[in-house]
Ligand SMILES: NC(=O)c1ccc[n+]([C@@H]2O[C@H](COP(=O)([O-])OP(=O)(O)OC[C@H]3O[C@@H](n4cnc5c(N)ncnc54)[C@H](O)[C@@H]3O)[C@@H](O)[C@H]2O)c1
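Given as structure tokens, the chain that follows is alone and in the form predicted alone.
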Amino acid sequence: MTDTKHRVAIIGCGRLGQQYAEAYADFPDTEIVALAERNAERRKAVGERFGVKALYPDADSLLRDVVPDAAAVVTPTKYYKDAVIACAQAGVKGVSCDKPIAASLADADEMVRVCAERGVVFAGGNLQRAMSEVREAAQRIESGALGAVEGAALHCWGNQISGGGCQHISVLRLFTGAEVDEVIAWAAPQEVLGSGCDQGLTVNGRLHLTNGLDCPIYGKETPYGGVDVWSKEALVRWDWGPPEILEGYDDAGARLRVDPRYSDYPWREHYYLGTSIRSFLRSMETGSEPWVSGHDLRQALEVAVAAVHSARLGSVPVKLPLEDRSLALYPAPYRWLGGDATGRPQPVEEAAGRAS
């Protein structure tokens, strides 16, 4: 940390927005100076909970009165683009949003472009790509300490590939140090494939990476549910938590699970959301790359869009980057529109921090 006290606004105060607020309220170098939330009861409850008096119904009204150093945009996905761009245009130094970054690639492109043109740090949020153990495993792979990477596999890519599935793609890109440049996919059921929404969609296929690797996608459940990357000497397995490392062989020729001896990280109380936020703040202070960037979120969305596009065309190999930036993939209604609009509102008592 530096001696800088970052002034932070939280835009969107639903369940995840409250998790962001808890983290920013705990950090000694951040101060929540304003909140924006459309639901008036929740806005008042969250403001009282975190001792914030500058309360607004939306990003535009907040930014007319307050220009924070950093803004966490945690609205439903439908509203990310307008809020992120409004923050960048208002002079906010850094802005973050969550997954999926958008439905259409064109909207994701515009968010990345506007932030880049204005020199605004654009970060992603609550992704395991930012988990300290994931970062340390990636460093060991990159250093060559675990041998030259020879293969990768992605397990159980389904249900919501533009949302939770972007976790897989983000970890895969980190572990391999490569981009996806071709996708071929099969997806089911057909009624979901044709719906424009990925909720309940199971995807099988293959990703080709810029480093030459072919990565199979196993849509159905296997014994694992994340990303494997391997060399002759070792296998690194991320399965929604600190990665396992298997290194060396036993007498039967099977890989041996070893204690990875990951380093301690000082912000563990907020898990990988905390490490993501700390990386975001460090990027604002030093110009370093955030552990999850808006670019990372866009790349994950593009792979998901390309997979569905390939499946709709009859499993045709699709090259990335996609030429048609109007292509889109909508997440589950809860992610796209939020709980209030989809029959899953948060009780006010919970938002106020009083729920048992």
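This structure is a prediction, so every number in the text was calculated from the model and none was measured. The first residue of the shown sequence is 1; numbering continues from there.
Note that the form predicted together with the named molecule isn't included here; everything after this is about it.
Chemist: State yes or no: in the predicted bound form, is some non-hydrogen atom of N39 no more than 4.5 angstroms from a non-hydrogen atom of the named molecule?
Modeler: Looking in the predicted bound form, residue contacts with the named molecule include N39, since a heavy atom lies within 4.5 Å.
Chemist: I'd like to know if C13 sits close to the named molecule in the predicted bound form, meaning any non-hydrogen atom pair within 4.5 angstroms.
Modeler: C13 belongs to the contact set for the named molecule.
Chemist: Even though the named molecule is not shown here, does S96 get within 4.5 Å of it in the predicted bound form, heavy atoms only?
Modeler: Outside the cut-off, so no.
Chemist: Look up in the predicted bound form whether G274 has a non-hydrogen atom within 4.5 angstroms of the named molecule, and give yes or no.
Modeler: G274: no, not in contact with the named molecule in the predicted bound form.
Chemist: Let me test this: is every residue among Y80, N126 and Q167 within 4.5 Å of the named molecule in the predicted bound form, going by heavy atom positions?
Modeler: Per the other structure, all of Y80, N126 and Q167 touch the named molecule.
Chemist: Among L172, L201, C115, V74, which has any heavy atom within 4.5 Å of the named molecule in the predicted bound form?
Modeler: None of the others qualify; the residue that does is V74.
Chemist: Please determine, with the chain shown alone, which of 242-250, 207-215, 98-106, 146-154 has non-hydrogen atoms within 4.5 Å of the named molecule in the predicted bound form.
Modeler: Heavy-atom contact with the partner occurs in 98-106.
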